[in-house]
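Starting off, we have a lone chain in the form predicted on its own, written out as structure tokens.
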Amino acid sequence: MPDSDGTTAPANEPTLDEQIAAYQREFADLDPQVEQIVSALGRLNRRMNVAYGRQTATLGISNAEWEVLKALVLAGQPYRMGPGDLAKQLGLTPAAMTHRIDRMVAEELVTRDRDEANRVRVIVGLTDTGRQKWLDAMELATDFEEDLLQDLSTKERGILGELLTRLLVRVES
């Protein structure tokens, strides 16, 4: 059954309207407008992550590997970072980062070399294959995101972007 806004939840999940009604029944102080926004953002985030996961899988990489590729690209040329810096940026333990890098080196997505300036330090670098996977994933994501936002005008996209950025700043501060 569609929500009042026309969306339909998966069979195992209540619609937003049903969820909000249940919450209001159990918690009288609930602001339904706030709950609608927060729940919709949460559901959208989950569904987008699933969609991105499907896309990266078609390229033979995981979302976790995509995050490493993205971090290296964002670092700028020559697309290199220390594993500790990568782990910190991605919120991983050093051991988890090492395991991820091991897999990605085996898949030839990244390199792991000694830092010539400090032979104790290791540097992770993006390979041509890794950069191409990142570019391919970006192309798929761009198509998905354009489709996702197709019903919003340019002005509405701008407003939504500004509003979401304001929320993000509040959460991150």
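For every residue, the number given is its place in the sequence shown, counted from 1. Everything numeric in this text was worked out from a predicted model, so none of it was measured.
Quick note: we don't show the form predicted together with another copy of the chain, though the next part is all about it.
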- Non-hydrogen atom contact Val73 with another copy of the chain in the predicted bound form at 4.5 angstroms: yes
- Item | Gly42: touches another copy of the chain in the predicted bound form, heavy atom cutoff 4.5 angstroms | yes
- Report whether the minimum heavy atom distance between Asp102 and another copy of the chain in the predicted bound form is within 4.5 Å. no
- Item | Exercise: Leu90 in contact with another copy of the chain in the predicted bound form, heavy atom 4.5 Å | yes
- Query: Along 32 to 53, which positions have a non-hydrogen atom within 4.5 Å of another copy of the chain in the predicted bound form?
  - Reply: Gln33, Val34, Glu35, Gln36, Ile37, Val38, Ala40, Leu41, Gly42, Arg43, Leu44, Asn45, Arg46, Arg47, Met48, Tyr52
